[in-house]
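So this first bit is one chain, no partners, the form predicted on its own, shown in structure tokens.
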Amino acid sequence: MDFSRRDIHSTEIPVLCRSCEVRHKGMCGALNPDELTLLSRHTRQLQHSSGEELVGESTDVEAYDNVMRGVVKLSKTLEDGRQQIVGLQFAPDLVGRLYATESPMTAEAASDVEVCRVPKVMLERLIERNPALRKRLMDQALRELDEAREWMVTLGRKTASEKVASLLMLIAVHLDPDARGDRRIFDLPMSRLDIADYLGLTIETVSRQFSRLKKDGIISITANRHIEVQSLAKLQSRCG
């Protein structure tokens, strides 16, 4: 029996929260029913289409978004308009830098996204009086820091083939972390242009590496974005 989800239909849990598939894994897993009830009175569940901006760089931070479904891409823009993707966030990540008055980057829906929007004041008030919530969000921040450092290695030292394999591995593992077995099926949440931008490669190089992985039987591709990883172990071996 999965005791981690035994209260999914409990009358103590707010109606807004009962159908949330990521509640136990994200920040809300550290809240008791009373805190969930208090939070649910101030939150809104929103849907964003692919390409829609959640928060703009340098805009005032008034709320945080807890990702329930989909992928959010984070980017920075230079003065001349050039943009660099600096990270991806998946369910149940919290989008936004805690305690910041301005957003340090742009958050945009890389795929269709569902989020639970939490007012900044309310969440920070809960953090101050709930050590478990504070620790859970700190753990997320530290995990993102570790992943950013690993990605620096990917961008700075890996070959083009290893970079593309590493990105596919990142998406395959994070989109469905509870999946079992050696196969994964997902839709790419990024265009070839975005992938090239994220990896520091040309679109042509990205396409060649996808073709090579397909030819070697590691992945199959349908309609340009539907990916089936035939073997995570083989994909991992290509990550360098």
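Residue positions are given as counts along the sequence shown, with the first one as 1. From a predicted model like this one, the values you see are computed outputs, not experimental measurements.
Another form exists, predicted in complex with the DNA; not displayed. Remarks below refer to it.
Asks: For the three residues Leu193, Glu204 and Ser207, verify that every one has a non-hydrogen atom within 4.5 Å of the DNA in the predicted complex; reply yes or no.
Replies: So, yes: the whole triplet contacts the DNA.
Asks: Of the options Met169, Met122, Ala160, Met138, which one has a non-hydrogen atom that comes within 4.5 Å of the DNA in the predicted complex?
Replies: Looking at the other structure, the residue within range turns out to be Ala160.
Asks: If you check in the predicted complex, is Ser211 within 4.5 Å of the DNA, heavy atoms only?
Replies: Contact check for Ser211: yes, within 4.5 Å of the DNA in the predicted complex.
Asks: Is there any non-hydrogen atom of Gly200 lying within 4.5 Å of the DNA in the predicted complex?
Replies: Heavy-atom contact with the DNA at 4.5 Å: present for Gly200.
Asks: Does the 4.5 Å heavy atom contact test between Asn224 and the DNA in the predicted complex come out positive?
Replies: Although the DNA is absent here, Asn224 would touch it in the predicted complex, with heavy atoms inside 4.5 Å.
Asks: Looking at 139-147, 73-81, 152-160, 94-102, which stretch has residues with any non-hydrogen atom within 4.5 Å of the DNA in the predicted complex?
Replies: Checking each option against the 4.5 Å cut-off leaves 152-160.
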